[in-house]
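Just one chain is shown here, as structure tokens, and it is the form predicted on its own.
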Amino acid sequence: MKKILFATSECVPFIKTGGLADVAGSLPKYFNKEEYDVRVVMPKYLCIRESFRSQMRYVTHFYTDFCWRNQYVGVLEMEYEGIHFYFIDSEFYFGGPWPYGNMFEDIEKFCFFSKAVLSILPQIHFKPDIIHCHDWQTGLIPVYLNDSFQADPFFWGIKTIFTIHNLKFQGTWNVETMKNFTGLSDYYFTSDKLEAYGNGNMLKGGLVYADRITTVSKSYAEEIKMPFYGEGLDGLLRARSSDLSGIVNGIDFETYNPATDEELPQNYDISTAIEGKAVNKAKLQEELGLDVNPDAFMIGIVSRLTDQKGLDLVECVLDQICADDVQLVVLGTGESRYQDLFRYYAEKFPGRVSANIFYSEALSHRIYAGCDAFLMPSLFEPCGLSQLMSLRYGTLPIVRETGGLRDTVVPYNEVDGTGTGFSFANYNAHEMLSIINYAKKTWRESRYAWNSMIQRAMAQDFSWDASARKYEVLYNELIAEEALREELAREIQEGERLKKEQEENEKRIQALKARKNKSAAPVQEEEEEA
């Protein structure tokens, strides 16, 4: 049985602020349980719902030296949907109403978490073959494993994989403070290790010391080796390119299934999608106070409202997007600039624009099911999940060709009748507007081609099952390499033993010869005298 430990700062269903939580909570369920024992470790935040915290069972506790304090480390566990979860308990670090807060405090918090993840392993009697670390919050695990934990044979042979979910977030602070928090020596704070542009960098630690590096799409794995996307670490990523690979994230096909989704007014599958989506569209228009009009081209946006998501492009041409024959539905929160923008346009175009400046999982499902198209013009997008959800529900994505968006959306080709959505290449507002208008024209004038595209989109397999098979290949390669290394080490050790044994035999032979020569010497002298 191959043992894998996911280390993560968030995980569905316990706590979620972004796509990282979906990966950590969903992916472990899809590994072959007869071959892989995949477990997850995360902080026991005080803000986890009581209904979950009450199910956690106490395992053990101990104290560890951290930041010149004798710090309490508690361990709890529970099983959820067949996966074994461990929770590291420390109210000193994981109290409060949110999992993240002030960056200075978060740096210390996740230095502690990284050290605690390794410290609990002998206590819970679980030695993983691989620790799969996710994002900067776990970046020090490979570093600590290389440092003081190598003094304990328990940790010998444990390999690490570090997955970049978003390179923009790196966990940086000044070097002196980082030294104090980590307890690491000056040796680690040089430009070839944790130091970057004068600061200590936790994510860089993971990139330097992990045995393998992955990110969440093939295109993003290539993009981050270039300065524009590399966030200052492109040189390191080019240096480690042979250890870097991209595996596209998936979505939970059980949760996101239009045939069984309880949040939808009308369920449908690939064979009934056209009729089912029409019903959901009318119900969504009614729910949001839009004009109930089947001839309006309805575009959905479900997103964090930030520059990264390309909303500055949307802002440039929003008047043109909100044409008489278009309805726009927005769901999400973020920068006040964009929140105010969409609220203003909802007032400017009543019946045509709906601004929902909050987040509702249930409403997001109805938007995926009811809209005709889904707009996602990101500046950069490591993977993206929203376009996968819209494909699953037959809502055709309109995306910019970057990262996971390029890898998952096939642009429509009217000549050969292929494609699952629409895309544009340059980060340009009018190029985006042109492709939106092209999508609208296709929807209006080539409904057969549009409906065929819906069926192709829904037939795509972006389930976690597909992603899990690719991770299994990576795990198998890394475990096989370690087994080969151990075999070579044994052969070397055996060779050294045989060499030493041969040398000792040679010494014994020489000693015997010396004694024989010494005993023969008096006889020879007597013969010479005679």
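Just so it is clear, the model here is predicted, and its values are computed rather than measured. So that there is no doubt, residue numbering starts at 1 and follows the sequence shown.
Omitted from view is the form predicted together with a small molecule, to which the following refers.
Q: Ok, Asn166, Thr214, Ser354, Ser219: which has a heavy atom sitting within 4.5 Å of the small molecule in the model of the complex?
A: Residue within 4.5 Å of the partner: Asn166.
Q: Using heavy atoms only and a 4.5 Å cut-off, determine which of Gly370, Gly200, Gly384, Gly206 is in contact with the small molecule in the model of the complex.
A: Partner contact (heavy atom, 4.5 Å) among the options: Gly384.
Q: Even though the small molecule is not shown here, does Asn249 get within 4.5 Å of it in the model of the complex, heavy atoms only?
A: Result yes; Asn249 sits at the interface with the small molecule in the model of the complex.
Q: Using heavy atoms and a 4.5 Å limit, would one call Val23 a contact residue for the small molecule in the model of the complex?
A: Answer yes; at least one heavy atom of Val23 falls within 4.5 Å of the small molecule in the model of the complex.
Q: Would you please decide whether Gln460 lies within 4.5 angstroms of the small molecule in the model of the complex, comparing each non-hydrogen atom pair?
A: Residue-level check for Gln460: no, no contact with the small molecule.
Q: I'd like to check something about Arg304: if you look in the model of the complex, is any of its heavy atoms closer than or equal to 4.5 Å to a heavy atom of the small molecule?
A: Output for Arg304 is yes: heavy atoms within 4.5 Å of the small molecule.
Q: When the small molecule is placed as it is in the model of the complex, which of 122 to 130, 376 to 384, 192 to 200, 139 to 147 ends up with heavy atoms within 4.5 Å of it?
A: The contacting stretch is 376 to 384.
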